[in-house]
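Two forms, one protein chain; structure tokens for each follow separately as structure 1 and structure 2.
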Structure 1
């Protein structure tokens, strides 16, 4: 076989391969949204699920997902950014820094079901909270933390050194420089990364099965007393999220319209995750432009 023919054949192979993958991925999206569109309506998105009859919705699950995301980000953002500051600004090349990096890699690659087990043992049983939204948020924080640390470190490292030097030359202290100059400049990166992290948190399920639980108590959305078990704002109640709900109805539910609910829930879940990812791109560009006044 001569080289030119081989080159032609290879080109065909690359086009075919890329075509196959694009086809798979786009038909996946198409399938999800086509089927989901049939079952999504206002009633479906706002009403509570049914346990035996058909016609239930996913309202509480949507709320739980967002509320859990809220607590997770409250927990991980400060710790993640501070740890990112340490790694980018203070860390020397020594054994402690190496250990921290190895630990970040370990946490990143942990299967989420293992984190779920750890959460079950510590946040559910040892704390005595039982299956609760807070236990779920802490478990997901374990998954999210290494990601936030890496994002923060990268965003902070991307800030040009001249800015630090200028600030220090003006007499600012190290911490003032970090807090007033470096962090604001790193903000676009931090926000973009934070939104992408939110998308990942929103879709997580395996770590939540045995921490946030697979049930949601009857919620009264008029009840804003944070200590009441029927209040949606109470973080110490069981809180089944959207992703967990998709799994649960497919594996152990007896409602007659499993397909309809699962189709709608999957489409909504994917829609939110894609919205997070797309807005992360958009926010990055937008904030960068606002800050630098450039294109």
Structure 2
């Protein structure tokens, strides 16, 4: 077999594999949106579930998902970025840092159900909070932190050393160089990683079953008292997210229109995840062009 024929066969195999993946993905998305788009309207997206007559929506679950995302990123982002700065700028190559990186890799592949059981023991029982949105946020932070640390470290390492050297040569301290030169240059990668990590929050269910709970109290959106159990801003109340709601209604089938709600909720959830991933690419590209003055 000559080299040209082997190259053509390899190209055909690569394109075939990519085509199969794209076909499966597009078929799955088409099926989800085809069945779910019929259920999505303003009433469905804003009204609470109705377990007796049916016809309810997913309004509280959407709010819980975004509120959980807010608390998760408040916890994950500063810790992940600071750990990335340490590993990229300060940590030396030795057994300790190699062990830290091994632990990060291990946590990245840790099953979410294990994190959920860990959160049940520590964040639910030991703290005395019970099933709460804060316990869920801490559990999801355990899942997202390794990813955020790796993204931060790689983004900071990608900054050319010449920029650091130029800043230090002008008399800036090491911390001033990191704060004023390195972090702004690494910002596109940091934002992209943060948005992708945000998208992962919406698709998580296993860890939240044991931490945030499978039910939500009746929320009064006029009540802004953060200590009230009925306030949507209370982070220590049970909070059923959209992914958990989809699992719950399909497993229990306690509402008469379970298929309608499940299809609509699934389509909206997939749309949100796609929007986060597209936003990550757009934000990273846009910020990179602004920083480099590129077109």
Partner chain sequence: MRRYIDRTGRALSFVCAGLVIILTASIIYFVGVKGLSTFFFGGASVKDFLLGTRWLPEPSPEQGGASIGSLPFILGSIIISLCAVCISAPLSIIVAVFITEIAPSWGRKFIQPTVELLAGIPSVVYGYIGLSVIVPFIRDTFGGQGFSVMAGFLVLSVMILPTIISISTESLRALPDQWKHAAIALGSTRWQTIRLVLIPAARSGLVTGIVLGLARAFGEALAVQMVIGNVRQIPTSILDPAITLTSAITMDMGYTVMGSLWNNALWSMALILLSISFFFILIIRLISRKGVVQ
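Positions refer to the first chain, counted from 1. None of these values were measured; they are calculated from a predicted model. If you superpose the two forms and keep the largest set of C-alpha atoms that fall within 1.5 Å, you have the rigid core.
Given structures 1 and 2, which represents the form predicted together with its partner chain?
Looking at both copies of the chain, structure 1 is the one that matches the description.
- prompt: Hey, does residue 278 budge by 2 Å or more at the Cα between structure 1 and structure 2 once the core is superposed?
  reply: It does not reach a 2 Å shift.
Per-residue C-alpha deviation between structure 1 and structure 2 [residue 7; rigid core superposition; Å]: Residue shift at the C-alpha: 9.2 Å.
With both forms put on the same core, how far apart in Å are the CA positions of residue 23 between structure 1 and structure 2? Here residue 23 registers a C-alpha shift of 2.3 Å.
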